[in-house]
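First comes one chain, alone, set out as structure tokens in the form predicted alone.
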Amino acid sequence: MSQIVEQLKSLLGADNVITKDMTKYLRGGEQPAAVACPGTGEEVAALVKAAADAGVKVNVGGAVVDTTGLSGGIAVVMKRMNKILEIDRNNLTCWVQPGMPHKEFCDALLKEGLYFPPEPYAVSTSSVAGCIGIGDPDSKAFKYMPPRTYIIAYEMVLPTGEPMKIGSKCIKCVSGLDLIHFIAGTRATLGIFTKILVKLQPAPVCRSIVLADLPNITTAAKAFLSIQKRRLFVSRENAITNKLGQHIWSGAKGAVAFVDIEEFPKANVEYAKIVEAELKIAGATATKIISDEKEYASAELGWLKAREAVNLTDKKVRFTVGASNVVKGLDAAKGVVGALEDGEFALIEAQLGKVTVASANPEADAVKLNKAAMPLGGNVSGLLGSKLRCDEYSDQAMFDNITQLLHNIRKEFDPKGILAPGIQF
């Protein structure tokens, strides 16, 4: 393994290959041989080709790399590739390097009067490439659509070390298979981004947040149903139990509801009043309307920190049931994991119909929650949800076909199986 490390030092420079004090770049229990920090697309290509030739596993991250399956391999940290390369106001597009921190990217665009709506998966470490690579719908996706809709072109290094460029500034740029949007959610199994072209929107004219301190998270879900019946097109309708809710509203006594409104000024004021009224009717003991930009940024950051804590723990089960069935989903969760307010957390993203609950035994609880979610039109999230759904229908052949198709696609891109060893299907 020392041979590949020395080779990487010659390709990237010795200062950009770390073999000691790697902890801050790693998440997980396995130890790679080195952390490599490329600075250009050419260096990424040379690094991946060297690893492929040596049969060494590689995984990538913006600031932190998952080490699952990476013992003796190479953790690629994209922290040096962290710049906005071009903002095209006429086409509302932006070329950005993959390692730019997601939140920093959003903040920089807002200063330019532009908007990249998807939320960071983990606000302290997420990069722009990670947003596309993970591809999960975030709590603004009902209004703004999921991250996959924002990628319109990219440059990538394949697992063989070959560069590939797909897409352009033209929104219609596909004939045949849509390789642009296909790459979203593949979690670095098919290649490593070196440049990404994203679609932007004009920044919202006015933004407000309505916070509410509610007796429990089910009360919040009922209030959200009432708001939805009023046909208010808000940006986020989220609630979280008290412990993590302190990130958003320090001193709250119960569950914290977080409703985000992005409209024109007059509509913002009227919407906020209606939302606040519905939350009070539902039983809020205190409410707060935030319109000041600094206060808005602080409350939003609190939400993102709470969301990060939920996303990064393995002790959870996430399932979807549709926006109209969130209350029923919470009732089902209580029957499996017990009183939600007693656990580490329970979180709802109401517009997506998504519920996430803490679980001491996620594997067993996922089976029970999937059974409860299916009659409500949903299931447990991810590939596990697909497996559990197939199990319910006693159709192992269907799941085998799904996983075999995914495996075949991955093998076409990565014949030696070196990229993202922690992602299994």
Partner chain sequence: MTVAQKTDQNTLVEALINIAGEQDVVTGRVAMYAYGYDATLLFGVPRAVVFPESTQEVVDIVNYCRSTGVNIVPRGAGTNESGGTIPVDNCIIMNCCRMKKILEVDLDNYVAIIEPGVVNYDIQEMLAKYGYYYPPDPASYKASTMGGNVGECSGGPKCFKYGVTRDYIYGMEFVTSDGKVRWVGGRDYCSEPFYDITRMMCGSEGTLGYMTKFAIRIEPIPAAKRTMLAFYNEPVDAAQSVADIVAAGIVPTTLEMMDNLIINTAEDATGAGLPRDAGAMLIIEVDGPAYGDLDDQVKTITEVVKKANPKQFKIATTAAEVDACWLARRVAIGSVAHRAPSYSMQDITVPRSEFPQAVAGIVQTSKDYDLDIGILAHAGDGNFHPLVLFDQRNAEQSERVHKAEAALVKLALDLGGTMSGEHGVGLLKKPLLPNEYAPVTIDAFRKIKRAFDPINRMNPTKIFDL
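Positions refer to the first chain, counted from 1. Every value quoted in this text rests on a predicted model; they were computed, and no experiment measured them.
One more form of this protein should be noted, the form predicted together with its partner chain, which is absent from this view; the next part is about it.
When its partner chain is considered in the predicted complex, only one residue from His247, Lys195, His181, Lys316 comes within 4.5 Å through any heavy atom, namely His181. Contact with its partner chain in the predicted complex, judged by any heavy atom within 4.5 Å, is made by just one of Lys222, Lys169, Lys253, Lys305: Lys169. Heavy atoms within 4.5 Å of its partner chain in the predicted complex are found in exactly one of 338 to 346, 207 to 215, 224 to 232, 69 to 77, that being 224 to 232.
Taken together, the three residues Arg148, Met164 and Gly377 all come within 4.5 Å of its partner chain in the predicted complex, as judged by their closest heavy atom. A residue is said to contact a partner when one of its heavy atoms sits within 4.5 Å of a partner heavy atom; Ser381 meets this definition for its partner chain in the predicted complex. Contact annotation for Asn408: at least one heavy atom lies within 4.5 Å of its partner chain in the predicted complex. Although the partner is absent here, Ile84 is not a contact residue: none of its heavy atoms lies within 4.5 angstroms of its partner chain in the predicted complex. Its partner chain is not drawn, but in the predicted complex it has no heavy atom within 4.5 Å of Pro117. Contacts of stretch 236 to 267 with its partner chain in the predicted complex, defined by any heavy atom lying within 4.5 Å, are made by Glu263, Phe264, Pro265, Lys266, Ala267, listed in sequence order.
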